[in-house]
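So this first bit is one chain, no partners, the form predicted on its own, shown in structure tokens.
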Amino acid sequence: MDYLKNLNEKYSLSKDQIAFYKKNKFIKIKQVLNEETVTHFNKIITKKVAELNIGNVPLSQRNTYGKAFLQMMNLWTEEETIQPLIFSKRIAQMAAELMQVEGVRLYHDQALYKEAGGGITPWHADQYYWPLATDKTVTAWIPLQVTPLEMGPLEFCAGSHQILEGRDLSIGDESEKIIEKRLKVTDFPHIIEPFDVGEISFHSGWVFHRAGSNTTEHIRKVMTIIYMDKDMRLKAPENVGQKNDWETWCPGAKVGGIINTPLNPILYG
């Protein structure tokens, strides 16, 4: 199967790409996956999301977070045919090289499906929710179709990992208002661009990012894979979200110890 070859063949990152990520803590890279691979996983992930999306509340009755997307976690444990994407050596190798670590573990995966008419994804930093001892984390954001601006692609504030204000905010109306106000008085550029088929972005846990609303009549389908340094240690949770993440994505891990559980396999290195 050609998609398996695509998922596991090496991608040669340039020195300039690695340097760009080091400075900005995000990067968009074209032609990581071929169209056949994207189409294959679009079908099986979309089918699984539909199966899991039971009792869905109408958009008009949801809060800002609920309007942002349908969110399904750790699909690799729900559907065997999704696992090859999550365990891709190609994408994991890129994550390790961008972070400049010897290897990476899986933190968890999540499907983020922004429905037609879905609202914004407010400004936030992912690592607010993660009980991880260092910032050696990166999320691969993998659109499963062409994603124009009207569909709500991911937006980044380049280099904003240096900003401490806003790190203590969960995603919602408050984070959108406070972080946007803070970013307006900085010189960090705001990057918003469409995504081609096969194009993937990588972003660090502390870089601020958001997404616009989906004004099209089609669902914006995205799969994400969150990686961490293979030697990542668990820290004592500092909020309810971090405690929940420990229990959900790192069950059995001990504070101060390397996060080596069946749900956190080494994917590269």
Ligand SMILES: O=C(O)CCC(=O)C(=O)O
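The shown structure was predicted, so the numbers you read here are calculated from the model rather than taken from an experiment. Residue positions are given as counts along the sequence shown, with the first one as 1.
There is another form of the same protein, the form predicted in complex with the ligand; it is not shown, and what comes next is about it.
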His124, heavy atom within 4.5 angstroms of the ligand in the model of the complex: yes
Contact of Leu85 with the ligand in the model of the complex (heavy atom, 4.5 Å): no
Proximity of Asn214 to the ligand in the model of the complex, heavy atoms at 4.5 Å: no
The ligand contact at Arg105 in the model of the complex, heavy atom, 4.5 Å: no
Candidate stretches 161-169, 86-94, 113-121, 189-197 - the one whose heavy atoms come within 4.5 Å of the ligand in the model of the complex: 113-121
Interface residue in the model of the complex among Leu154, Met99, Leu132, Cys157, criterion: non-hydrogen atom within 4.5 angstroms of the ligand: Leu154
In the model of the complex: members of 136-174 within 4.5 Å of the ligand, any heavy atom: Thr139, Trp141, Leu154
